[in-house]
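Laid out below as structure tokens are two forms of one and the same protein chain, each shown alone and named structure 1 and structure 2.
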Structure 1
Amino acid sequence: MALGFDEPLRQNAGQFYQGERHMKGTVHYETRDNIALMTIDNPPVNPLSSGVRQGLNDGINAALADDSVKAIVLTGAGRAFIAGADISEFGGKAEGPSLHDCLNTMDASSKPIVAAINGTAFGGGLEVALCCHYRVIAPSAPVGLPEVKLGLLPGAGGTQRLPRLIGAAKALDFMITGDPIPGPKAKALGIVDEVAEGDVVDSAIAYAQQLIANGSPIRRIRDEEDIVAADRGNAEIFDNARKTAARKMRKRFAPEMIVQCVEAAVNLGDFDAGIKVEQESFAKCLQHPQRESLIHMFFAEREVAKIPDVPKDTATQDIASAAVIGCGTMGGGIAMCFLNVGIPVTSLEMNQEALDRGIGVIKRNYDIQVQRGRMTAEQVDQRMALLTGTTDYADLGQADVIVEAIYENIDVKVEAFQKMDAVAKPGAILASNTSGLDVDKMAAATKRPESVIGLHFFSPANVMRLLEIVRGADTSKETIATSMKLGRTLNKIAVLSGNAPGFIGNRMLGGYTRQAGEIILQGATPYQVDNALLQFGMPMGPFQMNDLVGLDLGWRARKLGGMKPEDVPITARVADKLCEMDRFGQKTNRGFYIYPEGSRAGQPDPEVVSIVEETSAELGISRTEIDDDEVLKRCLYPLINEGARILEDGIAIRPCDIDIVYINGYGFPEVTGGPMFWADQQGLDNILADIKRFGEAYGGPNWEPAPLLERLVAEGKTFASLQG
């Protein structure tokens, strides 16, 4: 029964302010018998924007002022309870009451407040629920404190309330990983009081009625000291948390801040003193550059799904079955991507032996998952049952999508497309996993270029999150929309690229590896270069990467192509010499590094340094000391310069698309926000000046400034300005 309060409060809380003061979001208010029901409404996921905060304050005060109201139930409209603070407000001036004002109002309420957690309760959303006196949850609703993923900590009392509820160790684990848990697990942990059996709002109202009937006391978590008192003096809890942070959140600023806040919760024995520590630490995180970068990544991940000329409502096809041509490392990994989400796959190889080998590797990969406790044997059986092997193209005819993952040679690929075209059913998507070849040439080999697209998975395909989707000149909007959707189904982050050599990622990589090769000839060691990039946050340096991929690949290709030694690029000379000594990298336990038997941790080798020095001498290059700052700039600035050209050529839609590619496909550190975002932070003018300086000193194609970079600098603009 509405009390007639719905409208006035809506005006007060949301619509009125939206008009007058540009506040965002609303809280609906109604009464059902003696219960005030407040429903947060800020589509699509109910973040705590200004209008929501205002509505929360006003609603609670209205309920307190109404003698007929005995308890309050708080829920969310739509699919979320509350997705957390409105992260688009960070870094700007927020209107309306602060979240802390709201929480203080709720905490002080003399009438019990019950959270009816209908859907996602993340970050500030869970913190609001923790400020309620009781919590009822829908079984499907996830709860989490994912602030750490945005470079933040739970700054609305979460670091102080959660340890008081579930103990410091579990609270720390929950906040340092930031991973959500489902409703029933939240109940098992003690975060919520009840899992609703039917409608969550009805259950919460019934719960509230029971509280009233029993005269139950208001339970304020802030007043509960027993659990944190029991943790006091147990230093191991915090040592373990720091170890987890170092392992899972390398180079992140926020985890240590979280640990310190929980230490305060445990050791200070005073809630308000703990809140003060939390607020100071939250402010430090808010000001830290990592926060800005990680929030950029959050929005960028959502932005890349938007393709200006492919509207959201473009029709898509159902992908209920797939075929993969080639069952080697890439093909097998791609098949696993489909199997992992329950899509049946037909795998094609040239002969039975290769097919058996490929399928054997897939099975072994799954068995390793079982050994590591990540899958059950039954799940492996289910996935393997979805896999069919064949050596006959005719067996691919019923697949909704066929992905070729064969040798990276355009003639071989064109032939595969002719065969795919001959057998595929009408409307099937024909995709290439090429990492840089011309998709239009493959499309031209078919009678259906509108159905041809590039689906560039990254190795290992079943692990890496990036999927570069390459549109050809004739690829239809429906094929693009279906492929983008397929990316989401496969739990990948899909980025659309234009069709040009190397697409986005590999085109940019050229300059990075070339510079690394040049720098070692001019004075640095491979170990110095790798170390500088590791310090920057890359998971491995370029020479470690070469060892992992195998130095012999390029060497063999050059030999097979009949390249004369004097024509070998100077940056490949050292690697080729190592190959002549059977040092192919990790696979032979020797490459740029020496790998003790069974270890992937390489050790520097003085012999390699001698080979590098000898090569410099042969080439007449005099060696001088190159500092780490120059190493970094020379490796990273070519990425940015080429990124600018890629934007100018329209190969990437937006700078943030490049950031997503580099972070998810090439290990660029997430805390930088990606190469283009990082470039803005460094100052494009500084980067341009260095590019010109390196051009004068060293010459070469990497140091010709991209016209877009020059224009942005001349206009005093950033890459971000291109996104509007």
Structure 2
Amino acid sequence: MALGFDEPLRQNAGQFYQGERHMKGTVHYETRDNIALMTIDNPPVNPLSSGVRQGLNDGINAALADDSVKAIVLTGAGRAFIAGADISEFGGKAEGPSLHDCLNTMDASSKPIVAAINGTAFGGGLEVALCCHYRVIAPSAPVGLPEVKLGLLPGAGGTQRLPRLIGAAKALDFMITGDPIPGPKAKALGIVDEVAEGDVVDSAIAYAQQLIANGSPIRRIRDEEDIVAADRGNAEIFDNARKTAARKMRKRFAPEMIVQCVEAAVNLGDFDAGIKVEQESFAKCLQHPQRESLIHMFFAEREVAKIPDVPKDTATQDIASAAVIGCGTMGGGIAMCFLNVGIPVTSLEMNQEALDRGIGVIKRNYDIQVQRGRMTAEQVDQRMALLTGTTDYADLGQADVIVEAIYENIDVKVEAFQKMDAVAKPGAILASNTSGLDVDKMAAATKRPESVIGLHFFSPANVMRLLEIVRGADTSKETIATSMKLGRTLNKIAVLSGNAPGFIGNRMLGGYTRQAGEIILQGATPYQVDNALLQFGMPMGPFQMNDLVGLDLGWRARKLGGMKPEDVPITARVADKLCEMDRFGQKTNRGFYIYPEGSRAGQPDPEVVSIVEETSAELGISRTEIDDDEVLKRCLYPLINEGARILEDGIAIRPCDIDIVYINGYGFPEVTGGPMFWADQQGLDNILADIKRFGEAYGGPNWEPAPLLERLVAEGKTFASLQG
């Protein structure tokens, strides 16, 4: 045990510490008049490690044994109250008391316990606060139950206490989204009792003194039934929660478990019976494969920020102003990214008409947010006041970063970089939003190649989280470090890529779309292919995506390029036939699908199936039945194979970088952990065998095994073994 209670308790400078070296964290104990103050100390964010749990248990018992102590205040050292469980302990044998043991000790306390929430209280940290009898919070302290994002649920009474405190509907929304809220909102929601004015510990001690003076009863949330009793019999609460989960957390297992736990809290009417349901549901989540995938993503998001040859202490520039060349769909969205975080933007267009149109679209996008209640009109005015329009390159001269967002033509982009270089101030970063063109060729058009980098935003830029940062041969470490930091400032997940055609994401995408095009000619329909990928968890299938982007883009490029019909790739033949019929996709309400006026939900069209079959016959391709399993493998395995080549070529630093790119930029389902993590789960030997089998059956570059994939299989290793 950490500290034997037959020993004198050290007050005012005492500490309940981990007596054994393998126990992590500690809880400091002191008394202030008649209040016992316990401070959790487990840097940097005070997770509920073994030593913390031991200290909590011992500290509560010590306060209960001291007749001079009338109440207990619990807080955290540093910037966190308790940031949650210690993930490193998952799946292992826990040392010391369990969290449930600690909470039972708190529940049984005959003296009031007040949580002084000084900083982050996430997951188990908030559950500890909910087990306290009262809660005082610092205005800036965020609270949340984000377990759902790791494939888990609040497993320390959170699903039972929170509905009793704020009602089932609010509790479900809070737990299913997993998003944190600040102190004042937590007070408005009813999660905390008071928002501190001044020091939160002083406020909590004063609050505890008032409780003592008033003879206030101990308020155990577990014993409160009035609020959940009012929810009893209201099935609509749970129907709505399931609909929200299906829309926002597609294919996830944990949300349904959360709903079932809250149903138990409402309908069973007994806290201990509800806790049993919570523990059983938590165990199901813990054993579910999604949990491992989502925890992989949690750590991967942090890993991608580390660049091996760019030290953490590399000097960075302050980005206090930006310029964006082009104010179309991409340029306008990129400008909004800067405006949203308070960075002034100068937007350049080729003429005043295009500029006015682009700025008008930005304003309309913000106005829509006001209509949806996500912004105020005042906030829109503040952001629009940061935006300046121009048609003159000279007006970009004071920007710290200039991003060109003009269409994908290398000659046009090279010309833009020459103009940027001529007006940009010394030290300014010159960036391209290209989705796959040669960054080095653009850098060569300037006198400062060390300051040139790719900043590939994904459309819509103001919504999508991914920022693919592309280093050129001469890009300096300072430019890379500044760009990665800028990504964080813009609330993006930044992933560094090497300079190669298509970079990471689009280079891998080619095989995916090519296979979809081949599969429909060989026997499947576009609707079968899309449905197979939708069932896997993709947000849309390749033909739905083609309709969204516009079939006419590739068709017009081929016509403008003078490509003869017989030279059009066979995988584009069907799309080109549809374009000849003015079926360009959603923009014309007809493409691979039919879109009723005003609807984005496409309906299958038998005429398209006939066109596909006709095209197969023209190409001399015999159609055979292709099952969904083959559809899935033939679309996804080229991603894996090309991902292996990208790793081998050094374009991506780690397999998890590819996972982050594909989940955040291309909609690969989070619950799989990303394409490379998913491949490991399928077994690389199985994937390689299928690649060879498809190569024998169909031929083509997609089915030439990547040397790295063959080597890993031969050595019995996984992509995860490359993480280092």
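Source: prediction; values computed, not measured. In this text, the rigid core denotes the largest set of C-alpha atoms whose superposition between the two forms falls within 1.5 Å. The first residue in the sequence of structure 1 is number 1, and each one after it adds one.
One chain, two forms displayed separately, with the form predicted together with (S)-3-Hydroxyhexanoyl-CoA (3H9) being the first of them, structure 1.
Here residue 219 and residue 498 end up in different rigid parts once the change between structures 1 and 2 is broken into two. Superposing C-alpha atoms between structures 1 and 2 shows the smaller rigid body rotated by 9° with respect to the larger one.
Relative to the superposed rigid core, residue 206 shifts its CA by 4.0 Å between structures 1 and 2.
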